[in-house]
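What follows is a pair of forms of the same protein chain, given separately as structure tokens and numbered structure 1 and structure 2.
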Structure 1
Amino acid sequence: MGVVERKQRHKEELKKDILAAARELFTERGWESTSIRNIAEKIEYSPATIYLYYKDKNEIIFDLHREGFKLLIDYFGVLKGVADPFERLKAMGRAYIRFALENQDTYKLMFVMEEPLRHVESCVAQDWNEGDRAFDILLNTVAECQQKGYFKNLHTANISFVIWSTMHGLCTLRTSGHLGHVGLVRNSGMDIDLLLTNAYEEFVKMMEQLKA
């Protein structure tokens, strides 16, 4: 490997370190309580090094959102080979749950924490289509389901939003710990992840009823 290649690899690895440190600090301390200096200290570099890559925290959180949606698209991408659209839709729901549980800090930054989202919105002038692409995968799958007789007489975008909202609610309850409180209150003794799985499967049964 030549000098140029080594420098490029180091640059890419350092950028990954910056994003990983920022993700952890944002979720632990909150947006306002995390500074560029905090991020630099965590990766044992000077703040000046961070500014070689990002001009401020807005750009960092923007990149974290982009990376998060790219990862979510990857989770959906492995399901392209599922020919039946309703089976694919069900698998997408399970993939979404897996994404949320396996990447909880990223999920919270993307969908739960309000402060980072406000700063992402300040960067909308930049090229950022990952979020649209992720929703379009759901939208197109629902449209295919409608061609097969599901969700007849329902607006494609609206029912897609209902599906995403339901999945978001289940995953947020799980990642925030509130689902555990529900289990305790009901005194069911059920494993939390089993409770999440059962709730999702009941939702699937409801969707199955929406077929002409």
Structure 2
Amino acid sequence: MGVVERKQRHKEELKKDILAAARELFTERGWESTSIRNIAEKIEYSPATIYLYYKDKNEIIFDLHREGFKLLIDYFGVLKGVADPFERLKAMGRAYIRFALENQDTYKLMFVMEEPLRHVESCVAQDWNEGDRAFDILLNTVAECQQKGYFKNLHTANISFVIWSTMHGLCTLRTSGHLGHVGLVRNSGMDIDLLLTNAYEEFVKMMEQLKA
């Protein structure tokens, strides 16, 4: 009897609908102003129904969180065509910035908010490889750069953390608006995204000078 299967299919579809509604509201209004009631209204169900498919709001965030990492890896897709590891590292930084600027709320979800992480903790040993994969790409690229003479005498993992931190810092200071509130920037009336690009290129120059 395909009845139970049909029901199962319907349940899965509804779960997808919830996530789709959440994603849509979330990307156009940010997470802060997306409530369970908003999502429920969009899919034309009662708010209580959502709790039959998701334990709580954080579980919904977490699903979007995972989607975000997949998207980031998509952004890293362009790197496959770049043979030289240092050029790849440079392109990776640019892709990271592009991702952060084009998906500001998703970025916040992935790397700033603490709620989705708490959910990762609760489901130990679950398939949470998306996040690691993104970091592994960086780790491998840095290691390849070292074989080409870059970052000699520097610890691979540590230097990768530093690079990630720099990128993360640049992106969050930009998107949160803090970069634009520094007097130097505020008074000069300089374009904030140009400043971000300039700062990144300066960082690339820094790394370039770290070649043996």
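For clarity, a rigid core is taken as the largest C-alpha set superposing within 1.5 Å between two forms. Here, residue number means position along structure 1's sequence, counting from 1. For clarity, every value in this text was computed on a predicted model and none was experimentally measured.
Does the form predicted together with the DNA correspond to structure 1 or to structure 2?
Structure 2, which is the form predicted together with the DNA, differs in this respect from structure 1.
Once everything's superposed on the core, is residue 20 shifted 2 Å or more at the Cα between structure 1 and structure 2?
The answer is yes; the displacement is at least 2 Å.
After superposing the rigid core, is the C-alpha displacement of residue 47 2 Å or more between structure 1 and structure 2?
Yes, because once the rigid core is superposed, the C-alpha of residue 47 moves 2 Å or more between structure 1 and structure 2.
Could you let me know the angle, in degrees, that the smaller of the two rigid parts turns against the larger between structure 1 and structure 2?
Relative rotation between structure 1 and structure 2 amounts to 34 degrees.
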